[in-house]
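Presented as structure tokens, the chain that follows is alone, the form predicted on its own.
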């Protein structure tokens, strides 16, 4: 596939002025969508599909690659400035980025996020190019047993990453898992906690809940206090790249590890950038010398998760291209576009249309390069929002929250869900109960329940098969160690102290 003829052909396709214009417009579109709470990259990709009807394969795929790269980064901007994640993957480190904003470091934080996002994107792209067949084969071997342990690992990270009381973090996680139980039972199809309300048959939609818990709760906090929590950034509009290399240099090992792990998580079908961000944030805290600073304003978690969620984007293309299995919701839509363009994903696409694949690789590289100037522009424009008087800013933010919640399913019910969970999150945080574990419990609860029930039915209600497969056994042992270590280590220390 990597012949000189194919490379020149792919370069010629990308050098076309129409393709360049499409990439630029898609980049601006992605930045806007990512910066608007509630408007996810998945939604933006779906809205792009009708436009691709009139495009050739290369500009159509290039538009989606550029858009998703910009959108995932842009989600960090409102998370840093106003404590509202623009995309679900930004929720993992919103507490740290916003805490640093209150310390007057917003420019530096966003500069670090931008630089690390580019580096993480390149890590994922390199792995996509050189190791796609091998890594896709490993991911294809995952069964429901492996997915169960992966979900358990992600949920364990939810408790690990939250600061403060572990018991309160566990309570928050259980609240999220309980919310996930609303809807039709995945095993027997029986409605649970729906109260005969058709709007609850599919459970709570994740985006309205996230907007409410982060957006509405933040508005309530700011309205009910005399001082604005976002005022410190107004006086700081300097060079966003000033001083960014110091935290990156201190965390370079953490960054590359997270980029690799994020790509691996992205390769797993159904995982995506948001799970990659949570997992790597948890790993960063686990290996940190100062884990108590996580959630209070540390660059360790920001560097880890920012690298991972951008690396996961390229990782999700591995199973999509090689086996036709979507790595996340975005590549699920892209697979449909490939079929629409008579490009059937699978091993044969590398033989029949190598120039298309190479053009996709080139687009990933180009998108990460363009992320620097486009991201800088987005940060500069977004910073001016904070100069708007507070009594005008909050109604506008609430309006975007309402629009984002409604746009998911075109449902007024989702607006009510957003408001209710916003008030609930406000009271949770007033009592020291973190919100993040509840969000992750809602996200991973379906994967946990579905993989567990399917596994139990396959094994005729035996737990032994969960440890029979090599990968499942390794993941299971890791999860069990995570669960037991906080109990075993203090016990050993007490015994040693007595001795």
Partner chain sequence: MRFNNMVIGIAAILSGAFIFIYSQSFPDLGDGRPGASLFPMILSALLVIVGLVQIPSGVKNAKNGETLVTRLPEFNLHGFCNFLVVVMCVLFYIYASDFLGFIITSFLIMFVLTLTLRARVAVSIAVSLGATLCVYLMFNKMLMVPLPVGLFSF
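Superpose the two forms; the largest set of C-alphas matching within 1.5 Å is the rigid core. Numbering follows the first chain given and starts at 1. Since this is a predicted model, take the numbers as computed values, not measurements.
Same protein, other form: the form predicted in complex with its partner chain, not shown, and the subject of what follows.
Heavy atoms within 4.5 Å of its partner chain in the model of the complex map, among the stretches 88 to 96, 179 to 187, 113 to 121, 293 to 301, onto 179 to 187 alone. Its partner chain is not shown here, and in the model of the complex it never comes within 4.5 Å of any heavy atom of residue 348. In the model of the complex, its partner chain sits beyond 4.5 Å of every heavy atom of residue 198. Contact annotation: residue 192 falls within 4.5 Å of its partner chain in the model of the complex, judged by heavy atom distances. Its partner chain is not drawn, but in the model of the complex it has a heavy atom within 4.5 Å of residue 400. Proximity to its partner chain in the model of the complex, defined as a heavy atom within 4.5 Å, holds among 377, 224, 369, 340 only for 224. Site annotation in the model of the complex: the residue of 406, 204, 323, 241 reaching within 4.5 Å of its partner chain with a heavy atom is 406.
Using a 4.5 Å cut-off on any heavy atom, the residues of 447 to 486 that reach its partner chain in the model of the complex are, in sequence order, 448, 449, 452, 453, 457, 461. With the core superposed, residue 62 shows a C-alpha displacement below 2 Å between this form and the one not shown. Core-superposed comparison between this form and the one not shown: the C-alpha position of residue 85 differs by less than 2 Å. Put the two forms on the same core and the Cα of residue 256 is off by less than 2 Å between this form and the one not shown.
Between residue 80 and residue 399, the C-alpha separation grows by 3 Å or more in the model of the complex, relative to the conformation displayed. In summary, the C-alpha positions of residue 315 and residue 441 converge in the model of the complex, ending up at least 3 angstroms nearer each other than in this conformation.
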